[in-house]
Ligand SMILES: Cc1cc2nc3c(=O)[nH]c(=O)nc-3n(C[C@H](O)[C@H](O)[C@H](O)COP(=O)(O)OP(=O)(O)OC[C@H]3O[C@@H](n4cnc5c(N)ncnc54)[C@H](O)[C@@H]3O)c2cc1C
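Next up: just one chain, as structure tokens, the form predicted alone.
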Amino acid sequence: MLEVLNRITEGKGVMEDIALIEELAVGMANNSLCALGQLTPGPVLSALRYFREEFETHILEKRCPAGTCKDLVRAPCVNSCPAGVDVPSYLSLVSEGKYAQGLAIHRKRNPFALVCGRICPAFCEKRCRRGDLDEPIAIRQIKRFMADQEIKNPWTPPLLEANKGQKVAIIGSGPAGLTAALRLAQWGYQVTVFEALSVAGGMMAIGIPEYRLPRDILQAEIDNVRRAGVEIKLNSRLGRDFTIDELMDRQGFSSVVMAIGAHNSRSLRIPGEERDGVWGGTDFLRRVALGDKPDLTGKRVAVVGGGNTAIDAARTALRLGAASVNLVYRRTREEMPAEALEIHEAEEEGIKMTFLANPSRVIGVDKVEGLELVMQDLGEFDDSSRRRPMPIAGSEYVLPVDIILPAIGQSTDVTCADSCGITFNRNTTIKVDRKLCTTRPGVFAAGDAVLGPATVIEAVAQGNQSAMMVDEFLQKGEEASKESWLD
């Protein structure tokens, strides 16, 4: 058994090894007479039961998500980056003043260096080896500096393969869709991106406020994708302006990538939520980004949630003139999923944080006049590995507010479910296999529509993967991995 496990950690395993491990473990548990033989299989079988995907990732992708298998991990920072950006190489080049060469390395895995240099959560810094000595290298800031040095030199992505004469449609122009479009264009496909909104960029354009991500910076990186030969059609909504059947049957597209994101705000599901003055957090940010800025002068605003969208909505409301902004979160500060820096900056700007409180109903006749909150106590751990909030009986009180912005999560628009031939999961994400193929042959999916609300860099990683899977599909499954183009 140890020999098989070692083989998997070295990236030499095959899928049959999983069945072999199970067979050996069960045999040992049933037939061993010594305590060692009886107790050893338990942890192995538990690992297979709860972490089977980890075993499959080691075998199929030759990757260790935990970053502990030395043969599969070049450097912890590279391994922790969802897109696998070669951090050590570009940092070394920056130290030598070779900014263009460093940026070229970064763009092989992530074409949005300018964007991520400003808004990436920097998973790489959390695993930086320098942090074992004193503090991690400021990788994101170095990335931003490197990319800014070359911003005046427009990038034309190189074409890596000859024209294949096949068309691919990308539905959605967020980071996943644009990354997939860029890679496929570089590999010789004719790519068209269909975007429902009047601007390209997805949540980068309408979900991240301009004070965090200036629009000229984002536009510069979108223009890079266009220079690769990608056509972006704006105001083109799936189900309204076209269908997948039309793309594949009448417009001649050989494959489709669904990168439609998760743009719908989840509701609070409390009485009175239908009143005027309750706006979804993502809906609010989209309105502002598209120029429809509500006048919040003198208004009292409550934002419900503890993630980055909640923080963005709160800080945006303050910038629109709100007299006060109160962020309501049902757990403690330590459990907030938002970035620590964003939370700190929000407090510095004067946003009040109310912890261990959960909305129970909206107060008001025709419009919002207040938000009833129930104090919470933390109980047992839930599926998110955080302690579950439990209401405290008799602790209700009313927070006087004029505007309520729920930012407790997002979902994917599933209105095309009946006509597009793909299956959605109960949580509204698109059902895909390990190759990101949907239940409809030739149609793939990537980004938030698969992951749920995630980060730009995670969407970029899915864009790379979906492009490789589309290429494999169109080349009739031939083993022609594009990993070499990305390294």
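Values in this document were obtained by computation on a predicted structure and should not be read as measured data. In case it trips you up, residue 1 is the first one in the sequence shown, and so on.
This protein has a second form, the form predicted together with this ligand, left out of what is shown; the following refers to that one.
Asks: Among the candidate residues 455, 40, 428, 57, which is the single one with a non-hydrogen atom no more than 4.5 Å from this ligand in the predicted complex?
Replies: Answer to the contact question: 455.
Asks: Scan 374, 94, 278, 196 and let me know which has any heavy atom within 4.5 Å of this ligand in the predicted complex.
Replies: Exactly one listed residue reaches within 4.5 Å, namely 196.
Asks: Picking from 432-440, 445-453, 45-53, 23-31, which part of the chain touches this ligand in the predicted complex when contact means heavy atoms within 4.5 Å?
Replies: That would be 445-453.
Asks: Consider residue 237 of the chain shown here, and say whether it contacts this ligand in the predicted complex, taking contact as heavy atoms within 4.5 Å.
Replies: Taking the distances in the predicted complex, the answer for residue 237 is yes, it comes within 4.5 Å of this ligand.
Asks: Determine whether any heavy atom of residue 356 comes within 4.5 Å of a heavy atom of this ligand in the predicted complex, and answer yes or no.
Replies: Judged by the heavy-atom cut-off of 4.5 Å, residue 356 is well away from this ligand in the predicted complex.
Asks: Is residue 212 part of the interface with this ligand in the predicted complex - any heavy atom within 4.5 Å?
Replies: Residue 212: yes, in contact with this ligand in the predicted complex.
Asks: Taking this ligand as it sits in the predicted complex, is residue 303 near enough to touch it, meaning that at least one heavy atom pair lies within 4.5 angstroms?
Replies: Flag for residue 303 set to no.
Asks: Can you name the residues of 173-190 that have a non-hydrogen atom within 4.5 angstroms of this ligand in the predicted complex?
Replies: Contacting residues: 173, 174, 175, 176, 177.
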